[in-house]
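As structure tokens, the next two blocks hold two forms of the same chain, structure 1 and structure 2.
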Structure 1
């Protein structure tokens, strides 16, 4: 289903140039995927948003519409007509599709933003890398899985074009994108990925393919140590949050952040790193905690479940 007609271009699988990275295919229409599609469309990239069924795509379109309306109200607070034009213009650069193979056939960049499951991501790229142009950039939005492992089933030439593009939630508001390079990716892919990130108004931070990349590698030990302070009776969750907000200048305290991220997500990441993370296996910094385990087992996952360290 098209939101609007796209400008027509003639492409062949061997003729993608740097300028053609303006054609972006995003796999997965959840909050992350729709957010990536939105910010690319706002900068006039031609975006195809892909998911398994029309219902999921319509939800993704709904996420984009609500977010774009919020942006439009800030940009044009007294001009309803300009607000509507802004939203329509951005959505006019987006096409919805359930046909992943067709959707990547002329893309300059393919970004996967599906569930954090290694096999699922590998299966997507094994199929789509063959359908995409020979020099299209292949990118995963993973926040915790090794880029090299996701790309492992691909050919060497495909792995040279494979990179991590870790956007942060909510994508329209968060300025940072971690550009994650494996040992096999070529420099042109890194340079082109950095150029794309800048073209959509984000700030790139390039790093090696290491557990947690930059932000989560620093953030997870901070959150886990906060939980240990709580378990030890050093201070309440509220007092720890207050201390870090007013003493360190953080916009959110660690427990507010835990609840926002999702306690199940935090447990999934630290458990994986503790059991088999490269250079992190058995590291006490990433050992889970009784309190975290109990909350996850009880279904108290944070904001998304209505209860975590706090009630919502």
Structure 2
């Protein structure tokens, strides 16, 4: 089965072009997926945004509308009509779908942004890699999982087209995208991914497939140390946030940032690394904390659930 599918790819697939990559399918319409869909649509890419049900898709559309209105207000400060046109034009480039198979059948790029769970991501790619065109780029927005591990169940031809595209929250505002290369990805895929990132107005940083890539490898220890500082009673969450904003110039304090990212996502990341992160396993920096466990257990996941370290 694997060999015959390799032959098929070797003889029938033609190289992907930048115009093919303008057809983007985003799987997962949460905070990140809706942001990725939005920034691609703002640059006139044809985007299909997929989630498991209509309710999730409508929530994703709500995130996009709200954010697009902010962007439009800045672009056309005195012109309500131009603001509306801008929002409608961008939304006009996004199709919502609960049918993942159909939505990838003509895609040049598939970006996955579902829950931070290895099995869930692998299941999606095993199914969709077969249904997407033979030359489509397959990308994960994982925060912490090894790109090679997500791609492991795929064929070699699919793994050569598999890459990490790590966006930052809030996607419309954060300028960076980490382009994460596994040992197996081919150079053309890396080059095409970098060109895509630039085409949507972002700045790429290419890096190796190591836990946390660049940003999260530095950010997660900071977040976890902040939670431990709170647990040890040194200061309140509010005072630690104020200290880091006014004393270190950070735009958000660590607890505001944890709530913004999502406490479930943070817990998935640190638990994964503590249990089996390459070079990080057993590292005390990533040991879970009682406070984080309690909040996640209670469903207090931060801004997205209305409650976390703070109430929203």
Ligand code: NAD
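Rigid core (definition): largest C-alpha set, two forms, superposition within 1.5 Å. Residue numbers count along the first chain shown, from 1. From a predicted model like this one, the values you see are computed outputs, not experimental measurements.
Structure 2 is taken from the form predicted in complex with nicotinamide-adenine-dinucleotide, while structure 1 is not. Looking at 169, 210, 246, 288, the entry at the hinge of the rigid-part motion between the two structures is 210, while the rest lie more than 12 positions from any hinge. The two rigid parts differ in orientation between the two structures, with the smaller turned by 15° against the larger.
On a core-based overlay, residue 258 has a Cα shift of 4.1 Å between the two structures.
Core superposition places the Cα of residue 281 2.6 Å apart between the two structures.
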